[in-house]
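Coming up is one lone chain in structure tokens, specifically the form predicted alone.
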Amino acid sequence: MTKILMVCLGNICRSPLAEGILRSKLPSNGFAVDSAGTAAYHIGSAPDQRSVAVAKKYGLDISNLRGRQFEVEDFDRFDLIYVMDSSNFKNVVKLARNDNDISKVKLILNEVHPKKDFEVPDPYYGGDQGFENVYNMLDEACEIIAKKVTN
């Protein structure tokens, strides 16, 4: 089974969207997708209503997801760890125990734009359009990830 983790700051905006999108693109048999945040702000919280709304617009229900914080054991649980921005990357890599852990961590938009290190902007303090933009970025990246892991 291939296990993939999506990581952002609070685990209520970007990473639950990425989790829902990637899940929708993969067969449930043989794959597990989860999400986490690098900060403890929203442990146990549902995704931001704007993330829930944009997901629903595209036929995805992420309302049942709950925020959790990234932990060292996630390096053992997951094969691939996709982070949304360089700050998340640094925070996750800081917890790595070895080079194998670090090799699992990737900026998600490098799937679309290799080696460019583009970031998925945090839409939390913006309006609804920011969530729409983030959805579109993540959808494109998750399409590529799904193709890679299923081939």
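Values in this document were obtained by computation on a predicted structure and should not be read as measured data. Just count from 1 along the sequence shown to find any residue number.
In what follows, reference is made to the form predicted together with 4-nitrophenyl phosphate, a form of this protein that is not presented.
> Can you say which of 122-130, 93-101, 57-65, 27-35 gets within 4.5 Å of 4-nitrophenyl phosphate in the predicted bound form, counting heavy atoms only?
Replying inline: It is the stretch 122-130.
> With the cut-off set at 4.5 Å between non-hydrogen atoms, does Y41 touch 4-nitrophenyl phosphate in the predicted bound form?
Replying inline: Although 4-nitrophenyl phosphate is absent here, Y41 would touch it in the predicted bound form, with heavy atoms inside 4.5 Å.
> At the 4.5 Å heavy atom threshold, is M137 in contact with 4-nitrophenyl phosphate in the predicted bound form?
Replying inline: Contact with 4-nitrophenyl phosphate, no.
> Can you check whether I12 is within 4.5 Å of 4-nitrophenyl phosphate in the predicted bound form, heavy atom basis?
Replying inline: Heavy-atom contact with 4-nitrophenyl phosphate at 4.5 Å: present for I12.
>> Check C8 for me: does it contact 4-nitrophenyl phosphate in the predicted bound form (non-hydrogen atoms, 4.5 angstroms)?
In response: So C8 counts as contacting 4-nitrophenyl phosphate.
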